[in-house]
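Take a look at this one chain, the form predicted on its own, written out in structure tokens.
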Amino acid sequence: MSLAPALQAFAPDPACPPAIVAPTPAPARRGTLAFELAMRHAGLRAVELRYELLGDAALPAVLVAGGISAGRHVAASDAFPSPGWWEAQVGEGRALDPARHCLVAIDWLGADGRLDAPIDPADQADAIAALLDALGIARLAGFVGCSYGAMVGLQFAARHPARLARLVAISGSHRAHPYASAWRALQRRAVALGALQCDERDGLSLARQLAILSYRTPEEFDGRFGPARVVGGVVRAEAEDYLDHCAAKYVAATPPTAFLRLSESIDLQALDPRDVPVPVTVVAVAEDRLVPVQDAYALVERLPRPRLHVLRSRYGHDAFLKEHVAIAGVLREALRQEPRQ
């Protein structure tokens, strides 16, 4: 077992500039796969899986998956020029380069809000296997998963090990921590309370704001926001405008049912790390309050073929979106190393 911690100091904002969106000239295409899936808690269901490929299909394939709000569009391309959710890492010359790999990404099962049933992370893994069958991809050169994507990646590695050379699991583990599950349960109650007031979207807005607080850290807010002020006779925290902005953006793009079912899915994660035979690079963040670093240590201690990086970041769980340089270094190292026999 190899434990290689890579410690990073708290980074100031200038160290995490926004990625420059330059559409890659690599070929890109989208599609939708319709099939039947035997779901772990909901039985046989007719489902659809939307996907996007970036890069030549003849290149080694790497699947890229983010959190429950991430989707199939990871980076801008000539075919689909709008910014993707991981521009900092995907593109020409970047850690995930479509000139070197065919990058495969999906919209999660349930992301459109039409699948109103319990969705296990194992269901997502089996859906990915079905997609690979349809695309004629026998084996992935890598699976890069962040947050929920890391959970699904672990499930894929356990359930379909012959189809995967290596896994990079960033800020995700083999279980949902009970403290984090309680946090998400309160978010789902906020949506339910909104529904009782015939305003499910308002409940979803509050749930998203609570989620943002769990993704980030007190250290970031302390350095970013000032004290509360009296505005129109009401005391208002300076961070409220930021939280309102984040919530409005999320609510505009996410059906409440999608949030509820994917939030539940995180809490259904349960996996024995000893069942994951492929090489796994685990990336943990010391300040992550949703996936405590102790869970990463427990995961690595039980994985047969692990490598561990521990980062320091005031962005907590969202470090994979903000710590561009540190995450890029881990990805480059993990994807070029050959699996040990």
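Start at 1 with the first residue shown and count on from there. Every value quoted in this text rests on a predicted model; they were computed, and no experiment measured them.
Absent from the display: the form predicted in complex with another copy of the chain. The rest refers to it.
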Another copy of the chain in the predicted complex: contacted by all of 197, 202 and 235, heavy atom 4.5 Å:
yes
Tell me, yes or no, whether residue 161 is in contact with another copy of the chain in the predicted complex, where a contact means a heavy atom of each within 4.5 Å.
no
Considering non-hydrogen atoms and a 4.5 Å limit, does another copy of the chain approach residue 230 in the predicted complex?
yes
With the partner left out here, check for me: in the predicted complex, does some heavy atom of residue 136 sit within 4.5 Å of another copy of the chain?
no
Another copy of the chain contact at residue 175 in the predicted complex, heavy atom, 4.5 Å
yes
Of these, 97, 267, 107, 126, which has a heavy atom no more than 4.5 Å from another copy of the chain in the predicted complex?
267
Work out which of 222, 112, 78, 92 lies within 4.5 Å of another copy of the chain in the predicted complex, going by heavy atoms.
222
Tell me the stretch among 145-153, 166-174, 80-88, 258-266 that has any heavy atom within 4.5 angstroms of another copy of the chain in the predicted complex.
258-266
Heavy atom within 4.5 Å of another copy of the chain in the predicted complex: which residues of 197-228 meet that condition, in order?
197, 202, 203, 206, 209, 210, 213, 214, 216, 217, 218, 221, 222, 225, 226, 228
